[in-house]
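In structure tokens, the next block holds one chain alone, the form predicted on its own.
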Amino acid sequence: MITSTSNQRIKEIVQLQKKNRARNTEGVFIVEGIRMVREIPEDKLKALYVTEEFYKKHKAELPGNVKPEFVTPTVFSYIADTKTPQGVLAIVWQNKYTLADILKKGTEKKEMLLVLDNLQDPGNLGTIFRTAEAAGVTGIILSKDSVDIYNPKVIRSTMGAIFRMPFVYVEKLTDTIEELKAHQIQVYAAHLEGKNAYDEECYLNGTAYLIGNEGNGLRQEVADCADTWIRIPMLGQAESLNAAVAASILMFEAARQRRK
């Protein structure tokens, strides 16, 4: 059992929680809580840390392919990112995808993609991943300056979708959008100056939605790459919608059309 916060492995876990450079160097990320731990694919689980109390109550629910390392409650509180930790923490291998992988996911020109431009809020990104899985999105593309998907707050907000939703960060978003268009994917920019309302368009074929930064929206050069600008009609005095909410509305409109 690890009883000291000075233990080298404990120090390494703290660095993995705090720094994306450490996570990317090791090629791992951290998952907390039994619900998320149960969803980890067997081949992705690297290490498991638990308290004795948690282990006694939940032994049968834990993955059987990795022997857990026991830590004291004090040590666990030290390494946990959550305010009220459950007593289980896993180190998981990162997923590696390419744009080609994502484009292969769409069959018969039925891709549904999200393209995120400089998204910064961890909760928004996690919610978008969770909702994207529910709506049938086939992949998510992020500009390199977007928030780190392996940020602990993002991971928690995905509610397990991180293990199943393909994604890729790209160096130059405008070039990637042009590549999508070359694959006959229709690109729509969610924009306040959109020509048509979002529900006036057809999303039955390959579709990509451009979603912008929470405060500033899409960068002009990114918006200009779209085939069509679309808007979400709003009542009241609200100027815009939360990025995750806007993305959800668009994704589920495409899902609705494709169910018919």
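Note that residue numbering follows the sequence shown and begins at 1. The structure displayed is predicted, hence computed values, not measured ones.
Keep in mind the form predicted together with another copy of the chain is missing from the figure; the text below concerns it.
Residues with any non-hydrogen atom within 4.5 angstroms of another copy of the chain in the predicted bound form fall in just one of 192-200, 51-59, 217-225, 64-72: 192-200. Checked against another copy of the chain in the predicted bound form, the residues 164, 172, 183, 104 give one hit for a heavy atom within 4.5 Å, which is 164.
Put simply, residue 168 is far from another copy of the chain in the predicted bound form: not one heavy atom of it is within 4.5 Å.
Among heavy atoms of residue 204, none comes within 4.5 Å of another copy of the chain in the predicted bound form. Another copy of the chain is not shown here, but in the predicted bound form it comes within 4.5 Å of a heavy atom of residue 248. The closest heavy atom approach of residue 81 to another copy of the chain in the predicted bound form falls outside 4.5 Å.
Shown here without another copy of the chain, the chain has 241, 242, 245, 248, 249, 252, 253, 256, 259, 260 in 241-260 lying with a heavy atom within 4.5 Å of that partner in the predicted bound form.
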